[in-house]
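Heads up, the chain below is alone and in the form predicted on its own; it's given as structure tokens.
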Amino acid sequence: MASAANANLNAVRETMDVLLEISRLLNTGLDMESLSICVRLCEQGINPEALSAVIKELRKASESLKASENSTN
């Protein structure tokens, strides 16, 4: 039983490593933790395109906030 659990864990790690490499090749800017959260959300039924749109909007808002903070300093 432990052997099957270890095999499953190894398969999950390998899958996440492959997804992270694809993410890097596509220049998504997602780290392992962020990518893992996105995968879990998609597994729970979240629309991947909607998730992508939210991430893009959050990045824009973050950049805008940083720019406004820099202009006030």
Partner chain sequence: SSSITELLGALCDCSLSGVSWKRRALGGVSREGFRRALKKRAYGALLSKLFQDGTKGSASGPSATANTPPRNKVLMICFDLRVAGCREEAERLEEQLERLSEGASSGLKEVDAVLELLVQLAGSAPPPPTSF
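Note that this is a predicted model, so its numbers are computed, not measured. Numbering follows the first chain given and starts at 1.
The protein also exists as the form predicted in complex with the partner chain; that form is not presented, and the subsequent description refers to it.
Although the partner is absent here, residue 68 is a contact residue: one of its heavy atoms lies within 4.5 angstroms of the partner chain in the predicted bound form. Using a 4.5 angstroms threshold between heavy atoms, residue 6 stays clear of the partner chain in the predicted bound form.
Shown here without the partner chain, the chain has 34, 35, 37, 38, 39, 40, 41, 42, 43, 44, 46, 47, 48, 49, 50, 51, 52, 53, 54, 55, 56, 57, 58 in 34 to 58 lying with a heavy atom within 4.5 Å of that partner in the predicted bound form.
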